[in-house]
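One chain is shown next in structure tokens, namely the form predicted on its own.
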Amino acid sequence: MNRCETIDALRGHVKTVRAEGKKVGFIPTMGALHPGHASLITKAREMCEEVVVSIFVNPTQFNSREDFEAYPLTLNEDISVAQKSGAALVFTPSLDELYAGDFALETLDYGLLTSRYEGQSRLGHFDGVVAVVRKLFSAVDPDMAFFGEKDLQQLAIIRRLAREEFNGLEVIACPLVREDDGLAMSSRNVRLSGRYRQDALALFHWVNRVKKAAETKADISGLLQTISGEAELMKHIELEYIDVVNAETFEPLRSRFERYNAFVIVAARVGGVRLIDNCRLACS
């Protein structure tokens, strides 16, 4: 497996493999790779002859310096995971290589996609996400980019970015991956300790309750209110939101919705660690 630290070296590698007729798949990551990331790389390897993985902790998408500084740095382990999962190249740029000292961000306005839920809870977060993904897409110029459905709102935003600015780039959605007990896999999970790890399973249980209610055509709005009330009584959990949305537009859906495109989404802080989860609602 190859490793590049500069955009010029990366582009040279991609140009070479393209001359060989290979399709290039790309997975941008911030490192701390877990089986969820590995599943993206594996999927990319199934669909593309050349798989590029970037590892870069992007400071412009964090809402606090404390959260940025607490992010785990495990580069050697990450490179090993990427290689074992099928990556052909790992791109590990420096901060200056990507931003060249210019950290000014364009304020992103995709309507509900950027103003509600994660966009409302984490002001400016998607400005930073789009800024770095735009830079990475421009550097790699992939045929396909692979993103997990765990970051569902981010996925919808990246799809729109690709449609508007990267003609021909196909964004592939990959299923959310869970721990054995159901907790959605996240690099933040390592910060959960003791009882907080168990408390965090509340998010998984909540989305499953909504999924089952949808399958039986029960009152979704009433259930969402019930869950919100239960969360208020839980000592170590601060619920930010729980709702059912259209996965492409992030319009909220209530008692009547097109289930083929509906997801229940949730965000909460558990012992101070911010977690998100979601679940597709089954067709009926």
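Residue numbers run from 1 along the displayed sequence. Keep in mind that this is a model prediction, so the values were computed, not measured.
Below, we refer to the form predicted in complex with a small molecule, which is not included among the displayed structures.
Original post:
Would the small molecule in the predicted bound form be within 4.5 angstroms of a non-hydrogen atom of every residue among His37, Leu40 and Gln154?
Top reply: The answer is yes: all three residues contact the partner (heavy atom, 4.5 Å cut-off).
**OP:** Please check if Val177 has a heavy atom lying within 4.5 Å of any heavy atom of the small molecule in the predicted bound form.
**Re:** Result yes; Val177 sits at the interface with the small molecule in the predicted bound form.
Original post:
Counting only non-hydrogen atoms and a 4.5 angstroms cut-off, does Ala213 reach the small molecule in the predicted bound form?
Top reply: Because no heavy atom of Ala213 falls inside 4.5 Å of the small molecule in the predicted bound form, the answer is no.
**OP:** Using a 4.5 Å heavy atom cut-off, state whether Gly86 contacts the small molecule in the predicted bound form.
**Re:** It does not: once the small molecule is placed as it appears in the predicted bound form, Gly86 has no heavy atom within 4.5 Å of it.
Original post:
For Leu239, is any heavy atom within 4.5 Å of the small molecule in the predicted bound form, or not?
Top reply: No, Leu239 is distant from the partner.
**OP:** Have a look at 44-52, 23-31, 222-230, 245-253 and name the one stretch with heavy atoms inside 4.5 Å of the small molecule in the predicted bound form.
**Re:** It is the stretch 23-31.
Subject >> in the predicted bound form, the residue from Val171, Met185, Ala202, Leu98 that sits within 4.5 Å of the small molecule by heavy atoms >> reply: None of the others qualify; the residue that does is Met185.
Original post:
Of Phe147, Tyr110, Tyr117, Phe166, which one comes within 4.5 Å of the small molecule in the predicted bound form, counting heavy atoms only?
Top reply: Residue within 4.5 Å of the partner: Phe147.
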